[in-house]
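Below, in structure tokens: the form predicted alone, a single chain.
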């Protein structure tokens, strides 16, 4: 579906360029090349910053910071997922994925989240539909609290921001609100289904 949307936008743009000769194909070609050059420049600028933040986060992970956050989150996560036994592997995978998300470790959180979903699927008696626990975990993973938005910090620094870390406070507030709203909507939807 997304491919069809992109293809449609490209076709409409080309048709518009052919109909309006003052903004013809020549302008589109130049714009494509300028945008490509800018994309490469931004990507190269991000490599160093992302390597730095990934290294910092890896040090925090190796130092046990992720496990500490997981331990602090455990009582709350047990309440949010009453159908998941506390000693089940899904609980550990969910805690580690949520902790990685909080630290802005999206690359590390993705495989942990996929493992958590596989483990949650093992608890599903039907096997082919999403359980309440799966839906709640997806909502928390998508809207979860982010303490250090390392990718956004790297993007802001690559674009020459005078204070790339200024986003930390607003991101924390916004992700806390989005998490609360996600949990409330998850509970309301569950209540409406029963």
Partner chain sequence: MLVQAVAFLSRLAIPLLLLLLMAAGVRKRLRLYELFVEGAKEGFDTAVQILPYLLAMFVALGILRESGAFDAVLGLVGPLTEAIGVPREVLPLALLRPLSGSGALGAMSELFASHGPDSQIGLMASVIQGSTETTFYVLTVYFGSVGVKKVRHALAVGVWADVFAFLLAVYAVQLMF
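In this text, rigid core is short for the largest set of C-alphas that superpose within 1.5 Å between two forms. Residue numbers count along the first chain shown, from 1. Note that the coordinates shown come from a computational prediction; the quantities given were computed from them, not determined experimentally.
Below, we turn to the form predicted together with the partner chain, even though it does not appear here.
Engineer: Applying a 4.5 Å heavy atom distance criterion, does residue 78 contact the partner chain in the predicted complex?
Structural biologist: It does not: once the partner chain is placed as it appears in the predicted complex, residue 78 has no heavy atom within 4.5 Å of it.
Engineer: I'd like to know whether residue 4 contacts the partner chain in the predicted complex, with contact meaning heavy atoms within 4.5 angstroms.
Structural biologist: Heavy-atom contact with the partner chain at 4.5 Å: absent for residue 4.
Engineer: For residue 123, is any heavy atom within 4.5 Å of the partner chain in the predicted complex, or not?
Structural biologist: Although the partner chain is absent here, residue 123 would stay clear of it in the predicted complex, with no heavy atoms inside 4.5 Å.
Engineer: If you check in the predicted complex, is residue 90 within 4.5 Å of the partner chain, heavy atoms only?
Structural biologist: Looking in the predicted complex, residue contacts with the partner chain do not include residue 90, since no heavy atom lies within 4.5 Å.
Engineer: Taking the partner chain in the predicted complex, which residues along 138 to 170 bring a heavy atom to within 4.5 Å of it?
Structural biologist: Heavy-atom contacts within 4.5 Å come from 138, 139, 141, 142, 143, 146, 148, 149, 151, 152, 153, 155, 156, 159, 160, 161, 162, 163, 165, 166, 167, 168, 169, 170.
Engineer: For residue 15, state whether the C-alpha moves by 2 Å or more between the shown form and the other one after rigid core superposition.
Structural biologist: Indeed, residue 15 is displaced by 2 Å or more.
Engineer: Is residue 135 among the residues whose Cα moves by 2 Å or more between the shown form and the other one after superposition of the rigid core?
Structural biologist: No, residue 135 moves less than 2 Å.
Engineer: With both forms fitted on the core, check whether the Cα of residue 165 differs by 2 Å or more between the shown form and the other one.
Structural biologist: Superposed on the core, residue 165 moves its C-alpha less than 2 Å between the shown form and the other one.
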